[in-house]
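As structure tokens, one chain now follows by itself in the form predicted on its own.
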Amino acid sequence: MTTQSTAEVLQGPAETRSLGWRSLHGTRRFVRRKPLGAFGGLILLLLVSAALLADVLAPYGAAQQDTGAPLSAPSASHLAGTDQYGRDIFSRLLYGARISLYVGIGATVLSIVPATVIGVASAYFQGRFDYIVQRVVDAVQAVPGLILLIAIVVVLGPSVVMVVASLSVRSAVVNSRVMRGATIQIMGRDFIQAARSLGARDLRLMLRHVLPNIAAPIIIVASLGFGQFILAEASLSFLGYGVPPPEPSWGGMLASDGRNYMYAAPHMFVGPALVLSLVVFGVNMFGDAMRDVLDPRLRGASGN
């Protein structure tokens, strides 16, 4: 009994060390083969850290005025300068990361779940149901994305929740076609026919056999859409239909503050524009690398 217990105790740490080594080896391999993707993952990690630790990292409050001379250039006390109200731009950039992260995660989750349900159901049942769903998708795609987003926000009202809702509605409809295509490929496989012949019900067939086999497209669409949602929120805020002030949105900082004082205080425009561009670039590079890693066809073509 004692010998068996000792072996069981020793087995756990050994397995943990083996798992940790494989994880470390996989991370090193990913960094070596996808350096831009690893750089994008680092930017995403910094975005999450800045959003979670904004209260600790920010030297001033998001709406705190008179922290310094208005329109002052970047300095040691104000790393990104101040705006026309004397608010610290660096602090507002950190708090603005929360808005971007909230919009990115919220819109991604609220779009990928219905997109998967609609796409899988459309490809599985086909027939009249599939025809009607695809015509609705065609109608939504026919409307320019930004125009549709503005129309939804105008009807629902500008707020963080409404921005997330407006972004997720269109994305859910459009991305359902991607899920439909992936499901159609799976439906022709032999194991699907075998499960049907064994009497598997529709719900069990979709959950146990179809959904796990389209996990890679789901992750790819989610990772690529995350950066697009952040950029779309910034575009809405830039046009005045996004997160209302005084909430520090990167797009709002570009529109209401940076654009008006572009020549008198260019740092007000450069700061949010640089952060927004860097984050969207990093997230897109990470999503593209994840696509190459998870898609077996691309992985085989690249020799990975």
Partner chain sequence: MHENYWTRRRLSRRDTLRLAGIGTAGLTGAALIGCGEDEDAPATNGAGATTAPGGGGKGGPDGAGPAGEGIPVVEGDPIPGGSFTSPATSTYLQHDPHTALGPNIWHLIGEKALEQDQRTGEVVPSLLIESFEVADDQGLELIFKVRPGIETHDIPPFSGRVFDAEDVAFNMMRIIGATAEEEGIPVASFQRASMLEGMEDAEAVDETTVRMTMSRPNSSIFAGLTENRVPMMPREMVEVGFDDPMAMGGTGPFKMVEFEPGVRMAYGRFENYHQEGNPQFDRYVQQVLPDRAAQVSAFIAGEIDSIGALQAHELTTLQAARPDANYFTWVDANWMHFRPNMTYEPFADFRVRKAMQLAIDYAGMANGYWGEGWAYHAALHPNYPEGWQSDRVRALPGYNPDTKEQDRAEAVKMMDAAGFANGSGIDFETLFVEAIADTEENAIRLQSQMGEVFSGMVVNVRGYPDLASYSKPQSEGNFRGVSYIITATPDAVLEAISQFHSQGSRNYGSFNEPGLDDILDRAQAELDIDARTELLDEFQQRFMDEWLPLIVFYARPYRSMLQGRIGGFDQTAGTWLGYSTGNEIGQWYQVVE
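Source: prediction; values computed, not measured. Residue numbers count along the first chain shown, from 1.
There is another form of this protein, the form predicted in complex with the partner chain, and it is not shown here; the text below is about that form.
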item: Segment assignment from 197 to 205, 85 to 93, 213 to 221, 110 to 118: heavy atom within 4.5 Å of the partner chain in the model of the complex; value: 85 to 93
item: Close approach of Val56 to the partner chain in the model of the complex, 4.5 Å, heavy atom; value: no
item: Touches the partner chain in the model of the complex: Arg259 (any heavy atom, 4.5 Å); value: yes
item: In the model of the complex, Pro158 touching the partner chain (heavy atom, 4.5 Å); value: yes
item: Proximity of Gly26 to the partner chain in the model of the complex, heavy atoms at 4.5 Å; value: no
item: Sequence-ordered residues of 216 to 247 touching the partner chain in the model of the complex, heavy atom within 4.5 Å; value: Phe238, Gly240, Tyr241, Pro244, Pro245, Pro246
